[in-house]
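This document starts with one chain, in the form predicted alone, laid out as structure tokens.
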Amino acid sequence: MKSCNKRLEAMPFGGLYEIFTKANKLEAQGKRIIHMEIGRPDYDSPDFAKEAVKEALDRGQVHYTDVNGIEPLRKAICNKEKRRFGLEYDYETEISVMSGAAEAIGVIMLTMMNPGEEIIVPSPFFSAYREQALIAGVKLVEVPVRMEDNWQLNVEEIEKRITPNTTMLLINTPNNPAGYVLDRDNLEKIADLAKERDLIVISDECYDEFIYGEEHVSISTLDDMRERTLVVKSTSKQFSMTGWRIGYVLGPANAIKYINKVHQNFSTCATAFAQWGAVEAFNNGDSFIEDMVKEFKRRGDYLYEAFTKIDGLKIVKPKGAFYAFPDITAFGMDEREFCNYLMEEAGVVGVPGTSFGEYGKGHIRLAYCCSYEDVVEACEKIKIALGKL
């Protein structure tokens, strides 16, 4: 039988998971490996959320739920969003609970776009965006965000890429992989363009809690943007619940109605007992978040200071998320060669920047969501390895 349809023939393989597999093999052979390739917080999920899951299982909460999520969870999410970020959404009609943010973004593309339409995405970007666009049969158009511009998004670069087929813009702030945060002024310029050119905006805000000395602003809160923005968030990072697969979309009721319908036909509903655990996380997890973010800031600060002392590495201090995205062009290797060298020489695993789009060229991504001790060790080993070049 054939392998796949025509669209998926362009699906990229390798990248992050190729590196991850190689690292695991080296580790199995006895080599000390520091994993900085996967964006998974090293914290356990909150105890009170896990207890709520156990209680839900004991109560028999193991069956289908409402397609858009159980009512207590929708209420808890909307309350938390208002409490921490000033976002106001109706828990009955303006939220859909999904099986993670990745499903949410894919479902939005399938719901809101027609085959052949174009979605503009700042690059570098979370690698799943490209694959979700391929699955949906739409064209992803990259717009550069560059370190030399202090990782701010140039609206003129977006405008140059708008065609009659452009219907959506996807932004991700705080950003994976570059760790930048789009400030209010930058977002207002983006919002003005979206309104002028009648673009729907997907705002991926999964790292909204991971802000270091900045303000998280959702583009949905700017003038006249609520009705053209779909906000995507997740429990994965903010509560260290990556395997629970609970994400959500906030947006206008007329769009959520159809988003729910597509979601229903993919996964029916998010896992019932995981939803009950998430209720407790949203209701009682503020201090858990604050403690984790404080610790991640400590790790990111250490990594940044260490990297500024390594000749050849160029880095802008991350303002959000938990990734460093240094420029490695001074070392005369491409991104894949550089990552392989670090893995073999230093035992530190990173991801080639080109795994995150065309404009990740010349960079690698390192996730500092491993332990503080691992971050310190990794920085020293990277310094020694690069000193040999």
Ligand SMILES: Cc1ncc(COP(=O)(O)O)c(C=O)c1O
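Note that this is a predicted model, so its numbers are computed, not measured. A residue's number is simply how far along the shown sequence it sits, counting from 1.
In what follows, reference is made to the form predicted together with the ligand, a form of this protein that is not presented.
Is it the case that Arg245, even though its partner is missing from this view, gets within 4.5 Å of the ligand in the model of the complex, heavy atoms only? Within the cut-off, so yes.
Since only the chain is shown here, I'm wondering whether Cys206 would be in contact with the ligand in the model of the complex (any heavy atom pair within 4.5 Å). Although the ligand is absent here, Cys206 would touch it in the model of the complex, with heavy atoms inside 4.5 Å.
Might Tyr129 be said to contact the ligand in the model of the complex, defining contact as any heavy atom within 4.5 Å? Residue-level check for Tyr129: yes, a contact with the ligand.
Can any non-hydrogen atom of Ser96 be found within 4.5 angstroms of the ligand in the model of the complex? Because no heavy atom of Ser96 falls inside 4.5 Å of the ligand in the model of the complex, the answer is no.
Just to confirm, with a 4.5 Å cut-off on non-hydrogen atoms, which of Ile289, Ile158, Ala102, Ile200 contacts the ligand in the model of the complex? Of Ile289, Ile158, Ala102, Ile200, the residue with a heavy atom within 4.5 Å of the ligand in the model of the complex is Ala102.
Within 4.5 Å, heavy atoms only, which of Asn186, Ser236, Asn260, Ser218 is in contact with the ligand in the model of the complex? Only one option qualifies, and that one is Ser236.
Go through 209-217, 169-177, 290-298, 82-90 and give me the stretch that gets within 4.5 Å of the ligand in the model of the complex, heavy atoms only. That would be stretch 169-177.
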